[in-house]
Structures are given as structure tokens and as C-alpha cells.
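Given next, in C-alpha cells, is a single chain: the form predicted on its own.
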């Protein structure tokens, strides 16, 4: 019988898994022993890390989008039919069209979504760069800014965990380059007792902020934004007036995950080593969708996708397991407009940021250009 491999989600993780399976299971696809289907929500594939550069005019919007069908291997069945219910007991996924998709192996890569509406006033009072529309609006606000108080307000949970530091450091340099030095101040808020969830990154960020005169407030869990008075308030009783409020909005998992009862907040309980849904032996969960307490980042999704491809290939071809995921994550960190650093870590090795260099910045820009090769499974 034909082995049915179903991937729910056509973002980075789902696309890399699909193309990896097409490459590794080429013979089985040709013989009809395997069928691979991607169930997507749109034919647009966005390179989301590129949103960071839009507010500073460092990337054109059209560079960040391609057609999903053009990225996927032609042997992959790609269907635009958003999943509305995932039934892991019956091994089927029901989609918006009403059609039911059965599977032998399922990969859930449904990502995360922005939910700024959870905090009163945040949608109306703040800008962000976590989607293309938001990044474009933020660019307009930065272009119009001539001085005053800036608050960069970080909420949790959120994906791309180093992005709040990047937007802060890049904005500081951008405004200085515009001749506004001495005419603005930046305050950065974070919901726990340090500047980043990863302690070594937080320890690195403190002297960077101090050197540039960037203020910060920890234990700031946003309660509400008073849009009329331009004040952001915290649950802890602190507040900051602002002229420009930039937020990292809170995130939740995909609606279909909550509707299917697969995980609180849209995050699915996932074995951190096997990437199998807890309680399942044929349902893999990768990328932002997992509840694994590591960074929800593009590289996380990529390394997890590689692991799933290896294991699915071996299970189809030989009926056995291949390897486990070791928690590997790699993140570039822009420390301005021309310098950068990076971190890598796994379950055993903590991150250790290196001194920023121009070379690392160029490496990140090069990777931005090569992303499409990565999505196609060529890197």
C-alpha cells in the first residue's frame, strides 16, 4: 500500500520537510509507494526574518515573497485548503473545503500567529515588524519620527527571540545616522528579570545597551496601552510615556491547534528528542508549533525539519528510527546596521555571543539571499 505522508503547514518547516522527503524518497515517489501532500493556507511563501530590514529601507518587500508552488518539488501534492480540525485518533485532517485528508504519518508545522488584541490598546497604539504590513507601517512611523521618547515593549511568548534586541540596536544606529543623536531616548521593556530569556544573551546585551545609553525595565508585563495619553502600563504597576511605541506582540499557536484540542495556547506537547507529539507514534511536530522551551526561530525549524526528514525516510524505507534532535539552534544577531554577532546552542551547550563584527553582518545578509535555496532543500 502507498504510505501517505501529510504535512500541515507550508511555511519554512513544512516546505523543508516536503522537499527533503522528495529528495530522500525519490524512488518511492516514482514507484507510487509513497505520497507526500502539503496542506497550506496560501500560495504565498514569506521570508519572515526579512521583515526586520523593511523599517530601515534595507530590503524591498518583493524580495521576501515567492509562490509556494514554485519552491516545492514538483512531485509534492500541494493543496491550498486550510486545516480546520486535526483528528490524531482517526489519522485524518479536515480542511476548510470539508474534505478529509487521511495519513499514515503526519507532520504538523502550523507556526504561530500574532495576538496583540490580547492587550488592550496594543493594536491601536503600537507598531511592530512581525508581518509585512506591520513592517511597512513601522517604516512610515520611523521615517516621520523627529525626536522624542521611544518605548520598545517586548511581550511573551514570541518567535524570533533575538529580534527585540536587533530592532532596538538597529533603530538606535539608524536614528543617529539621521542626525537625531541627543533628540531621542529608547526604553526597552522585558517581561522577566533580565533583558533576554537566555541568560548569556541577556548578560551580553546589558553592556551593549549601557554603552549606547539605552534604558531598560525588566519585569514589565504589559497590562494595557492608553492610546489617548500615549502611556503603556504594566501589570507590576510601572508605566512609560511614549512618542513612538514599538511592540513585540504576544503570539499564540495556530487556531486549528486550539480548536482540535491538541495544546493550550496552540502549542502542542512534543517530545524534545523525537519531535513526536506526546502520546503519538506517527505525528511529528516542528517549528513554532511545539511547546519545547527553546527558541521559536527559523533555524530551530530548519534543524528540526532535517531530523524529521531523516526519521521519516528511515521509517518508510527500513521501518526503524534514525536519530534524535539535539536542540540545535543558530541565530545571527544584528547589533546595528553594519555589524553583527551570532549564537548557537543545543540542549547541552549554552549560547555564547561573540564580539560583533562586520563580517558576521555580511554573513547574515548572504543567508537572507540564500534562504530560497534552503527552502528548496538545497542547503
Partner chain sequence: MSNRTTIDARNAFCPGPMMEMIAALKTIAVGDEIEVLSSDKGSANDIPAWTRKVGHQLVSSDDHGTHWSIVVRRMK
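Since this is a predicted model, take the numbers as computed values, not measurements. Positions refer to the first chain, counted from 1.
We do not show the form predicted together with the partner chain, though everything after this point is about it.
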Practice task
State yes or no: in the predicted bound form, is some non-hydrogen atom of residue 226 no more than 4.5 angstroms from a non-hydrogen atom of the partner chain?
Solution key: no
Handout entry: residue 84 within 4.5 Å of the partner chain in the predicted bound form, heavy atoms
Key = no
Exercise for the section: Give a yes/no on whether residue 67 approaches the partner chain to within 4.5 Å in the predicted bound form, heavy atoms considered. Expected result: no
Exercise for the section: Evaluate residue 127 for contact with the partner chain in the predicted bound form, applying a 4.5 angstroms cut-off between non-hydrogen atoms, and reply yes or no. Expected result: no
Problem - Of 320, 60, 348, 30, the one that lies within 4.5 Å of the partner chain in the predicted bound form (heavy atoms) - result: 348
Completion exercise
Only one of 141-149, 294-302, 206-214, 276-284 sits within 4.5 Å of the partner chain in the predicted bound form by heavy atom distance, namely 294-302
Handout entry: Contact test, all of 116, 134 and 166, partner the partner chain in the predicted bound form, heavy atom 4.5 Å
Key = no
Practice task
Counting only non-hydrogen atoms and a 4.5 Å cut-off, give the residues of 223-239 close to the partner chain in the predicted bound form.
Solution key: 235, 236
